[in-house]
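Below, in structure tokens: the form predicted alone, a single chain.
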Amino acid sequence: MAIIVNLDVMLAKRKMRSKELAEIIGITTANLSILKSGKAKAIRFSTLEAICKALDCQPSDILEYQED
């Protein structure tokens, strides 16, 4: 897929664990893991907004487009 998810990079920069982020934004750790691995087919804007708020970042810090 041409969309790269850099969520693990932002978590490392903020020194936050996946479990902590999942609790803050109100999703399961399993769903967060699917998103982190890039296997998610979609993401809700409300979830993206919550992630950006929790990590104090922009959507472009999390999602990146690369041509195949």
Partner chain sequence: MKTERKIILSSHFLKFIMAILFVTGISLVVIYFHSLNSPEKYTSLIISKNNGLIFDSSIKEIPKNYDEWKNTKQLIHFNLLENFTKVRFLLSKFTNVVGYFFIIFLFHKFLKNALTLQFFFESNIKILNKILYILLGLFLLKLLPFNLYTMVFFKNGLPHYVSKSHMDLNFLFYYPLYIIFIYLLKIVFKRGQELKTENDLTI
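As the structure is a prediction and not an experimental result, all values here were calculated from the model. Residue numbers count along the first chain shown, from 1.
One more form of this protein exists, namely the form predicted in complex with its partner chain; it is left out here, but the text below deals with it.
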With the partner left out here, if you bring back its partner chain in the model of the complex, are Leu55, Gln58 and Ile62 all within 4.5 Å of it by some heavy atom?
-> no
Verify the contact flag for Lys15: yes if a non-hydrogen atom of it lies within 4.5 Å of a non-hydrogen atom of its partner chain in the model of the complex, no if not.
-> no
At a 4.5 angstroms cut-off on non-hydrogen atoms, which residues of 32-62 are near its partner chain in the model of the complex? List them in order.
-> Ile34, Leu35, Lys39, Ala40, Lys41, Ala42, Ile43, Arg44, Thr47
